[in-house]
Ligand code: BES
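In the form predicted alone, a lone chain appears below as structure tokens.
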Amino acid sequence: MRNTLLILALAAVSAISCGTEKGKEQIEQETAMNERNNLELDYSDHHSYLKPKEAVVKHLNWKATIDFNQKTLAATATYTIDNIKGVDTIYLDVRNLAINKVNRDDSQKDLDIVVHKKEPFLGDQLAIPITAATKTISINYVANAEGADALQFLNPVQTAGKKHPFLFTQSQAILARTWLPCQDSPGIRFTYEAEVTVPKELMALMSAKNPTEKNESGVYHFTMDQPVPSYLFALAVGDLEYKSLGKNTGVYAEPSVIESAAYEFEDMQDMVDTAETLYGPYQWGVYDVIVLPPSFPFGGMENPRLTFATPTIIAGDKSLTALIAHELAHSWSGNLVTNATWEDIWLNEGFTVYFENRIMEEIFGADFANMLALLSYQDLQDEIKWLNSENRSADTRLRVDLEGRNPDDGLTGIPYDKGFFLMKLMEETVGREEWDNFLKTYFDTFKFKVMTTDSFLDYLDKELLSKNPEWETTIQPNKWIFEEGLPENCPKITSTKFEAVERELTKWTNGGKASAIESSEWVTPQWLHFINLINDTLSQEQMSELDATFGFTQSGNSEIKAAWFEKVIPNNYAGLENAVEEFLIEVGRRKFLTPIYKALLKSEGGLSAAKAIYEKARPNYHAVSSESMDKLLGYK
């Protein structure tokens, strides 16, 4: 219902104007009811069994014990609930959890455990009987490594230090239910407090207020006062140290990694300060990053107060820290204003890529930001081409239909890159100052709330496009959001630095020597552009010359190395096998795995070679990555 937000805004104004008659308490009650009605009326979530019109969770008290020997997490989750309609049942999402008992505060007896078996990837529906008087429900359960896809227990040899085990979680999109009984929808937010017991030699961290050093008991306490959705409920346990980087920034990592991580991320405080000047105060207190072992399936995960990051962004020259800017930007777009469902994920990612680009422009200059934008455009073109080849052209829309599908299917490059260029088009059309004012007000107006595509379009119409009828005609937001492909009015971005790369590549292609390429001042985006533009059918001599000159195969920059592998593997570059196998076994980041395994499939004996490597590498991968690679390689 695209007029819901306007109705609510008018209702709020009316309530304020009548404040002397109604009283503050009644106004607050009506405001809460309006917010709840907004939740009911605006959307439904295909990927959760909750019934938000009836009963929802509001606060979580969580106590857990981590057992690395058994690779289990034993916990009790106690929720404060809001029984909106006075119903007799509240519904939660669970998947592969061993539930021992269920209780509620207004009953002395253990409740019957009723689990309704549902769809495999969605898990099951946990039905808990309640009354109108019920204030809290409590679930005692165990999650284990085999069934909980969100959890990855690592043996010491899989860590940087090789001495202690490690555990981390990855809950996005709907994996929180594999380690926490919850209403696993991005539209349901709750505050939480937690107590986690771990081996004394390790430290526990969560997406909450965190310790900065180990204690002697192995028992850690956490609070998260701001409401968060379940996919941002996160835990990491390992041999960790902390190093402050500024007034409210810092980094956690294993002892052997902490100094290199601190150097790589030393601009992080500048990023936070820059982001605040653009779009308003940082609402989460501190912004820390934890560098995880290389099996982490993503570049980063924007868990509040503690971004989870892959070590593959530590290049030694700060050249890959755009990822930190991206995860920081999520503190506004995503964490602060959250997509109501996974079909609206572009509202998180498109805004965030745009915001990331603005942060990088402020810190490193417009030339650098333009190079990142052009790489984004190249990725977008490739993604559209691939989706079309897979008969998934409908997934090139920003607002994608995911009913009956795993929401992970929607996490393509489309919401990121197509979303970014829509934001860029809006900026260019209305002017940067007008656009920044709109975004700043948007984040402030809807902080700690959820947003749907339709509600955003209502707000966009009312607060921005209505000021000038030509703006909507120029932008055509509905075409961008609801139609396939890339509209013709996509912004055109140029880069003099990329043009210089192209000139050098032309010289080499026309018979020049690789050693004559003027590349001493090139930064990572330029190298990526160079590799991306290399002819797809290089000879052995050409590949050897480039590799001998620039050391791509042994590069310490994972982005450059992965791009090189993707380019030369299909050409059967001799002597590459060991390097590719080592990389695929060590690194579990899905962004790299998918294109490299695809490249292997194009090479001679590709399928057997890919499967042989995968057999060795798969145990090191998080379930998020292994599930995708299983499908790609037909692994059973």
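In this text, residue numbers run from 1 along the sequence as written. Every value quoted in this text rests on a predicted model; they were computed, and no experiment measured them.
A second form of this protein, the form predicted together with the named molecule, is not displayed here; the remarks below concern that form.
Participant: Pick from V237, I345, M360, A150: which residue has any heavy atom within 4.5 angstroms of the named molecule in the model of the complex?
Facilitator: Exactly one listed residue reaches within 4.5 Å, namely I345.
Participant: Though the named molecule is not shown, can you say which of L375, L538, L460, A173 has a heavy atom within 4.5 Å of it in the model of the complex?
Facilitator: Only one listed residue qualifies here, and that residue is A173.
Participant: Report yes if any heavy atom of A194 sits within 4.5 Å of a heavy atom of the named molecule in the model of the complex; otherwise report no.
Facilitator: No, A194 sits far enough from the named molecule in the model of the complex that none of its heavy atoms falls within 4.5 Å.
Participant: Would you classify K51 as touching the named molecule in the model of the complex, given a 4.5 Å non-hydrogen atom cut-off?
Facilitator: Taking the distances in the model of the complex, the answer for K51 is no, it never comes within 4.5 Å of the named molecule.
Participant: At 4.5 Å between heavy atoms, is E349 in contact with the named molecule in the model of the complex?
Facilitator: Yes - in the model of the complex, heavy atoms of E349 and the named molecule come within 4.5 Å of each other.
Participant: Does the named molecule come within 4.5 Å of any heavy atom of P487 in the model of the complex?
Facilitator: No - in the model of the complex, heavy atoms of P487 and the named molecule never come within 4.5 Å of each other.
Participant: Select, from the options 194-202, 320-328, 76-84, 282-290, the stretch whose residues sit within 4.5 angstroms of the named molecule in the model of the complex by heavy atom distance.
Facilitator: One stretch meets the cut-off, namely 320-328.
Participant: Can you tell me which residues in 292-330 come within 4.5 angstroms of the named molecule in the model of the complex, by heavy atoms?
Facilitator: F298, G299, G300, M301, E302, L323, H326, E327, H330 sit within 4.5 Å of the partner.
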